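This document opens with one chain alone, in structure tokens, the form predicted on its own.
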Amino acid sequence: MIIAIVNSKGGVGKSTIAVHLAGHLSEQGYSVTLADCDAQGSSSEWIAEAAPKVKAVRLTSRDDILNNLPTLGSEADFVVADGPGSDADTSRALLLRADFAVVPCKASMLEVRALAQATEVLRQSQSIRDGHPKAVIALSMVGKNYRLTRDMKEAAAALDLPLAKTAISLRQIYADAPGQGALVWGLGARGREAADEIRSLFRELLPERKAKKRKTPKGRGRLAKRKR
């Protein structure tokens, strides 16, 4: 599955979701590639430190994405693509290849209204591909006193996109994690609440995906029992 994390606006938490989703799926036993489609290249640098088992590839042009993303998808269980900010052509190419899209959005009325413009390239791709990729809005950087107002619900509903029940809170630890080359669940007790919330979001987005059973080398299980 190729999962695109997209929004034409920057600073909405795309890289945070992409890197943590790639790390989460890798820890579940899946082979994962992170496709960094942002010119800044921050997510590929972050994942290299935080989850070295995840293969990181930079695809910075429309042609790179269109030509190479299907191959990457055939070589791994999951490709998580961190989309660019403010580059409609690159986002469109990414959505033409993705199986599923997550659209992060800050939780404010202004942001939800602006999302109508940000999702234009998504609509174009769905029109070309007979409704694909399926997409979900994920609220991010949510404040402590956040409340999903009726206006915001109606604005999201007008986009005809489902809204994930789990939101990502505005927490300092999400900002600290890249500098420490870690995922929030690798930062000890102070990252526990953030880890619980972001993993809850991933379980909601991919409910049918269970951890892969890792194969035990022949005879190893028997040997372990003897040692006990």
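All values reported here derive from a predicted model rather than from experimental measurement. Sequential numbering from 1, following the sequence displayed.
The next section is about a form of this same protein that is not shown, the form predicted in complex with a small molecule.
> Would you confirm whether the three residues H24, G181 and W185 all fall within 4.5 Å of the small molecule in the predicted bound form, going by non-hydrogen atoms?
None of them does, since no heavy atom lies within 4.5 Å of the partner.
> Counting only heavy atoms and a 4.5 Å cutoff, which of 63 to 71, 26 to 34, 48 to 56, 173 to 181 contacts the small molecule in the predicted bound form?
Of the options, only 173 to 181 has residues within 4.5 Å of the partner.
> Is I168 close enough to the small molecule in the predicted bound form to count, meaning some heavy atom within 4.5 Å?
Yes - in the predicted bound form, heavy atoms of I168 and the small molecule come within 4.5 Å of each other.
> Could you confirm whether P207 comes within 4.5 Å of the small molecule in the predicted bound form, counting heavy atoms only?
P207: no contact with the small molecule in the predicted bound form.
> Although the small molecule is absent from this view, report whether M141 comes within 4.5 Å of it in the predicted bound form, heavy atoms only.
Yes, M141 lies within 4.5 Å of the small molecule in the predicted bound form.
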